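A single chain comes next, written as structure tokens; it is the form predicted alone.
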């Protein structure tokens, strides 16, 4: 089975600065490993056992991050920009997966900040998608995935090809050391441009601008339950809600 694992395809939202007037400034922020990326690789490695594991990153994402964690072949789309449009990001991913060719499964993080990407990616590939996956195994062309839905643990079967969106259940147990990272940086990475993929990121949703949200000061109510209830009613009446 050939598995493509996606990693380091978005920026850390904490690196964004909102300037006066609401303009978002990313400064020199780079693509970083998402909270789910280490779990993505664990699931991908389990599925690719005896097959082929391919890593795919976008923009200035460091391919060595995955090469040091067991990825055998690495691809990068270095000129892929960071996009707020989930569908446009997914379009770049889908084109790259098709360019790599022969994939049976694509594994990507759930990504709370970009929740539309996994589903859009599956739609563009024309494959089924499973979200919230915590582990998965393969037997022939059939994938068995375990996922959490609320307080329920589900076991779901789906035939390949498919997109699995992985949600990490904890921190990475044993990240690679400095020596492993240095060795990984010596490994080859195949770079593919947007032009080669035939993707124009400008075709996605264009942002016309941003603004700071209207901020209303919070009021803390203290005292006994009866006093708090009375103060709440008074405050609601003062604001014209009641």
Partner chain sequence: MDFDVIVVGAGIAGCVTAYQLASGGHSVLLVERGAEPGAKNLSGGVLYCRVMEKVFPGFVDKAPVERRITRNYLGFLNQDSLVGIDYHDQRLGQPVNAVSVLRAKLDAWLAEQCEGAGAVVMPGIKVDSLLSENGQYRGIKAGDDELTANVVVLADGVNSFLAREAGLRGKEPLKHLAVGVKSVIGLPAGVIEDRFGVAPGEGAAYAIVGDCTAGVGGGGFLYTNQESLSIGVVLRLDDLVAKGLGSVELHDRFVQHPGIAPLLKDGELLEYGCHLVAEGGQAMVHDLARPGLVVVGDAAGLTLNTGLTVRGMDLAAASGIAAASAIEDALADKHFSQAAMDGYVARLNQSFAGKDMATYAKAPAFMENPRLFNDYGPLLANILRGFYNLDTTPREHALPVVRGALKASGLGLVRLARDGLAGVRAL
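Residue numbers count along the first chain shown, from 1. Just so it is clear, the structure is predicted and the values come from calculations on it, not from any experiment.
What comes next is about the form predicted together with the partner chain, which does not appear here.
With the partner omitted from this view, the residue of 188, 198, 50, 177 that lies near the partner chain in the model of the complex is 177 [heavy atom within 4.5 Å]. Although the partner is absent here, residue 46 sits far enough away that none of its heavy atoms falls within 4.5 Å of the partner chain in the model of the complex. The partner chain in the model of the complex is approached by residue 17, whose closest heavy atom lies within 4.5 angstroms of it. Not displayed here, the partner chain is kept clear of residue 194 by more than 4.5 Å at the level of heavy atoms in the model of the complex. Within 4.5 angstroms of the partner chain in the model of the complex, the stretch 30-69 places a non-hydrogen atom from 30 alone.
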